[in-house]
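In structure tokens, the next block holds one chain alone, the form predicted on its own.
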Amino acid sequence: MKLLVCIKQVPDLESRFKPNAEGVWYDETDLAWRMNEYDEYAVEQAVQLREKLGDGAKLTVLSIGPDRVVAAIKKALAMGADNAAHIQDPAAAVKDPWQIASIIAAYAKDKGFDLIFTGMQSQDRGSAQVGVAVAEQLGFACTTTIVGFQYENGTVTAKRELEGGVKGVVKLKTPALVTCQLGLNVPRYPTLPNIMKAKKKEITVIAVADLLSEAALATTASFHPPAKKGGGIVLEGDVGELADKVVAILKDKTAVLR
């Protein structure tokens, strides 16, 4: 059985973000990078299935981006993936979800994958479109936002998280694609021996030009922080004076005491 898990490297959310010079994405200077959180659940579920199936299964991890994404690829390899494909693309951040999906589909179409795992969405763009678009282009059965997963004899049984805390259960015949949500599992920490083993695992590098044939369906017109709101007022003095100042401000600036 052939398994594929797709991952993305994203900026750590504690980073300080600012628009780049072109005003269409963020400036990558001084950002810290990590594997997309939802993709970690996808990797863990794929590895668990790989372990269950034993030597009859092979798990490939795929990531699109510049040289720095190799760090995320190596983490997935250390978690238990067998090999990797790095789609070399310095401009991956400005491609729309349809283009990213077409790159993945072009890579996967002749590889005979039975199951593809992706994160529900990326933490930077958050479109939640790539996984379903890959399934559409490959003609795979697909279900999204899964929080439970079982596989038996060519059938996936997935529990989905729906609105209002409702859960749905679906069954899919392979080949299939699932997108993974928080609560599906607890991603493992790579051990030192597995980190060392990951260094010897094969990473195939492919130029994005060899796979991309689709034009963008959407483009980013501008990327900017929210407009700044007015600053607050800092009051100083005795409690009695402060109370009088607050009452005066409420009367002057609001309709609370009118």
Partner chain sequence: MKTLLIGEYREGKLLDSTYELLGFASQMGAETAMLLVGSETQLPAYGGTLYLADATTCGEYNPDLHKKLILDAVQKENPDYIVFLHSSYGWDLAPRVAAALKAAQVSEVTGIVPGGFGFGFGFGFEVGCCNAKMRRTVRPNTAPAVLTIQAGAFPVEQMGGTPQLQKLASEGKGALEFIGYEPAEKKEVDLGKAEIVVSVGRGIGKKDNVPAIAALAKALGGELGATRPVVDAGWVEHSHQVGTTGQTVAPKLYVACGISGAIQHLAGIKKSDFIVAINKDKDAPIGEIADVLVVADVMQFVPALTAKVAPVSS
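Whichever C-alpha set is largest while still superposing within 1.5 Å between the two forms counts as the rigid core. Numbering follows the first chain given and starts at 1. Here the structure is a predicted model, which is why all the values come from computation and not from measurement.
One more form of this protein exists, namely the form predicted in complex with the partner chain; it is left out here, but the text below deals with it.
Q: Between the options 216, 57, 206, 212, which residue brings a heavy atom to within 4.5 Å of the partner chain in the model of the complex?
A: For this set of options, the contacting one is 216.
Q: Note which of 107, 149, 113, 98 lies within 4.5 Å of the partner chain in the model of the complex, where distance is taken over heavy atoms; exactly one does.
A: Flagged contact: 98.
Q: Answer yes if any heavy atom of residue 136 is within 4.5 Å of a heavy atom of the partner chain in the model of the complex; otherwise answer no.
A: Residue 136: yes, in contact with the partner chain in the model of the complex.
Q: Would residue 169 count as touching the partner chain in the model of the complex under a 4.5 Å heavy atom rule?
A: Flag for residue 169 set to yes.
Q: Please run the contact check for residue 21 against the partner chain in the model of the complex: heavy atoms, 4.5 angstroms, yes or no?
A: No - in the model of the complex, heavy atoms of residue 21 and the partner chain never come within 4.5 Å of each other.
Q: So in the model of the complex, is the partner chain close enough to residue 192 to count as touching (4.5 Å, heavy atoms)?
A: Residue-level check for residue 192: no, no contact with the partner chain.
Q: With the partner chain left out here, work out from 198-206, 65-73, 222-230, 47-55 which stretch has heavy atoms within 4.5 Å of it in the model of the complex.
A: Single hit among the candidates: 222-230.
Q: Going by heavy atoms, what in 236-255 lies within 4.5 angstroms of the partner chain in the model of the complex?
A: In sequence order, 236, 239, 240, 242, 243, 244, 246, 247, 249, 250, 253, 254, 255 come within 4.5 Å of the partner.
Q: Could you check whether the CA atom of residue 18 moves 2 Å or more between the shown form and the other one, using the rigid core for the fit?
A: Where the cores coincide, residue 18 shows only a C-alpha shift between the shown form and the other one that is less than 2 Å.
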